[in-house]
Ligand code: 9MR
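Consider the single chain below, provided in structure tokens and representing the form predicted alone.
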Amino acid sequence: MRETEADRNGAMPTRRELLRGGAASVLAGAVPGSGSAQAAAQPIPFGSAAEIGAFREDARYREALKRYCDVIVPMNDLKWQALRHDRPRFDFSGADEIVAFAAANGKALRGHTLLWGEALPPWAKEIASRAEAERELVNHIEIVVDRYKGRIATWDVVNEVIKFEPEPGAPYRDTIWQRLLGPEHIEIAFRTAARVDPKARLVLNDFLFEEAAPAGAARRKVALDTFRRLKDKGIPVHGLGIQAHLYGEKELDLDGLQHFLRDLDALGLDVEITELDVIDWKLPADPARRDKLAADRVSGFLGAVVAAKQPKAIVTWGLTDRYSWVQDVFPRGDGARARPLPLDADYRQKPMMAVLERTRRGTAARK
């Protein structure tokens, strides 16, 4: 998430078990079965980020993750701030809970995130030299990826590295990593993750690629340039995570997005939708009207994406309106509760859920 802006009696497996197995295989980069027809039959895996507080305290939240999700993402518990309260020790308690839950319920996992300029503990912000920065970054990635090797199939290796409005010669955000290591911090992160777990899918995760303003096109160019550089240097990178925090009131550049997706395909890169929700702070107050507009926005976006390139997964940044960053960061002027996600605050399905289900199954049927 950016800082401002889901016949057991016999030997045959059940339909849900087949879907779960397919989701894990697809996210790990394997193709289920041996034929293209079998691969095409798999729906796009759907998932959600899981917030540890709600996960621990709300049984309905856990049940919703079980019911709706093929994929689970620890929302905050693999970020530096959660893992590294102080320099010498790692606190894996929250992440381990979610990873164990996913394993017990046959869910695939995405790891978020190994390198980000935000959500850092105070000590990390005081790193003062290039050598220290590289040492801490490499050590962190080695320990985290090794712990979950074979369990987390896909990693957001680098998160939100592109400047909000990229400038010539200055494409990346001003972070502690960029200041001390320069653009090489991206290369170091991908090289290290690949060395520790050669079977993991490694993703660069970022946002606003669908933006209609000039910044959207500029961000798409920076992403392509970054991928080309990594590939030219032989650094393993497998795909792009498109966050897709969609503003309900803003125009989307779907033509530009589709061209971008085809460029990524030409580079041999996968695409995943990683943090989907709708920022509804400027949509009408009426809940039914707002839900329809949000579903229409998701439908238009996902329709454009799958027409250009089928994503490896579609993941929402949360599952229920009861728990969402949008409520706090983008409060409505009328005081109404934000409704950015596929389930409402009482865990009832909204029109967005029907769009997600239709998209993930309809695409597989057309392929």
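Residues carry their position along the shown sequence, with the first being 1. Computed from a predicted structure; not experimentally measured.
As for the form predicted together with this ligand, it is not shown, yet the points below apply to it.
- Three-residue candidate spot 160, 243 and 317; every residue lies within 4.5 angstroms of this ligand in the model of the complex by at least one non-hydrogen atom.
- For the options 301, 325, 46, 61, the one in contact with this ligand in the model of the complex, meaning a heavy atom within 4.5 Å, is 325.
- Residue in contact with this ligand in the model of the complex (any heavy atom within 4.5 Å), chosen from 119, 133, 254, 218: 119.
- Although the partner is absent here, residue 75 is a contact residue: one of its heavy atoms lies within 4.5 angstroms of this ligand in the model of the complex.
- Using a 4.5 angstroms limit between non-hydrogen atoms, residue 210 is distant from this ligand in the model of the complex.
- Residue contact check for residue 84: none of its heavy atoms lie within 4.5 Å of this ligand in the model of the complex.
- With a 4.5 Å cutoff on heavy atoms, residue 238 does not count as touching this ligand in the model of the complex; it lies far away.
- In summary, the region of this chain contacting this ligand in the model of the complex, judged by heavy atoms within 4.5 Å and restricted to 259-267, 152-160, 282-290, 122-130, corresponds to 152-160.
- Residue 275 is the sole member of 259-283 found to place a heavy atom within 4.5 Å of this ligand in the model of the complex.
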